[in-house]
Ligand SMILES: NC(=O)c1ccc[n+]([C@@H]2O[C@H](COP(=O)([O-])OP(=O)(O)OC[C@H]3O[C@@H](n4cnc5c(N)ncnc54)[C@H](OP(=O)(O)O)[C@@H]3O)[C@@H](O)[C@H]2O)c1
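Let's start with one chain on its own, the form predicted alone, as structure tokens.
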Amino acid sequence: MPRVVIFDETGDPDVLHIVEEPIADPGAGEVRIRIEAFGVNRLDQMARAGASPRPIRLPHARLGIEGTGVIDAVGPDVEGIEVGDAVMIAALPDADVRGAYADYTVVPVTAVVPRPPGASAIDAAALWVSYSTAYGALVEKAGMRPGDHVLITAASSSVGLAAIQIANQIGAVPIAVTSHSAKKDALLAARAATVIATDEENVAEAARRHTGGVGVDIILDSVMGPGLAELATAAKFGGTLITAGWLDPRPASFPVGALTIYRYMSFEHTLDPVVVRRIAAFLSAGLRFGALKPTIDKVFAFEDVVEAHRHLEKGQQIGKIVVTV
């Protein structure tokens, strides 16, 4: 019988367990996906730990906002997609009910996009959330342009690495920020223009040094926390600060002054079919020409999903953690 990962209470990774459930049939406007792989994301960790920004329906909650697989069945009123098509899950705000941590899941047809030709299941599982978040924040929201200097915090995360690649694809200048100087070589290899390690130097001072004293055009921050106001001083006058994560759960110190500030939530764009088409086209082109390539930190088997979450919580990964089904 098909398997699904559930949790009946929030807590550490051990609250996750695998159960067997019958396969559900898709309803009107829905498709059933046989999952081949899924990405492990911070939002999954937050939901499991009881820190989700959205209410989680317990007990028997599911996990997984991102996955890839093959269409196994289609419901009535579904057009443009057929059994056997390889797809990625593009938007799953109700992952506690439909989560991708499973052998099969049923989702609205509007929640899937075609898997880019030639992309492996592992790469596709690591693609959508990270790259749609980075693209949505930098391109759709902040209006990143060629030549812009872009400061990227938590640069070794999957979103950070995606942002480096997307900035390069656009022709911007990605400046990576990491809290661990040991990650500098890996970030330079990932094509960051330069790397600022916060255990060695002050971010704002280093950013101004790398921009001739002007400051960066855009800051993409995935950390938040009380250091946000100081981070903002790395931006130029009239620059843009866009926050897209919560790695530091402490209250944020929002800056004041001549700075445009956005609080970005990816569902703002991944639930908009027009923007989803733009994201899919951008990613497909980047993959096709080699500008984009998901960075995979480690791959786990389905049975080892608890270990995958433990690995995520260590915070030492570079890139995306993927689980194969």
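What you see is a predicted model, and the numbers here were worked out from it, not measured in a lab. Residue numbers run from 1 along the displayed sequence.
There is another form of this protein, the form predicted in complex with the ligand, and it is not shown here; the text below is about that form.
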May I ask whether A37, S120 and T295 each come within 4.5 Å of the ligand in the predicted complex, counting any non-hydrogen atom? no
Partner-contacting position among D85, D94, E201, D248 - heavy atom within 4.5 Å of the ligand in the predicted complex: D248
Considering the ligand in the predicted complex, which of T110, S179, S253, T194 comes within 4.5 Å of it through any heavy atom? S179
Is V78 part of the interface with the ligand in the predicted complex - any heavy atom within 4.5 Å? no
K141: heavy atom within 4.5 Å of the ligand in the predicted complex? no
Can any non-hydrogen atom of R42 be found within 4.5 angstroms of the ligand in the predicted complex? yes
Any chance Y264 has a heavy atom within 4.5 Å of the ligand in the predicted complex? yes
Counting any heavy atom within 4.5 Å as contact, can you tell me which stretch out of 227-235, 127-135, 94-102, 166-174 lines the ligand in the predicted complex? 127-135
Listed by sequence position, which residues of 144-163 have a non-hydrogen atom within 4.5 angstroms of the ligand in the predicted complex? A154, A155, S156, S157, S158, V159
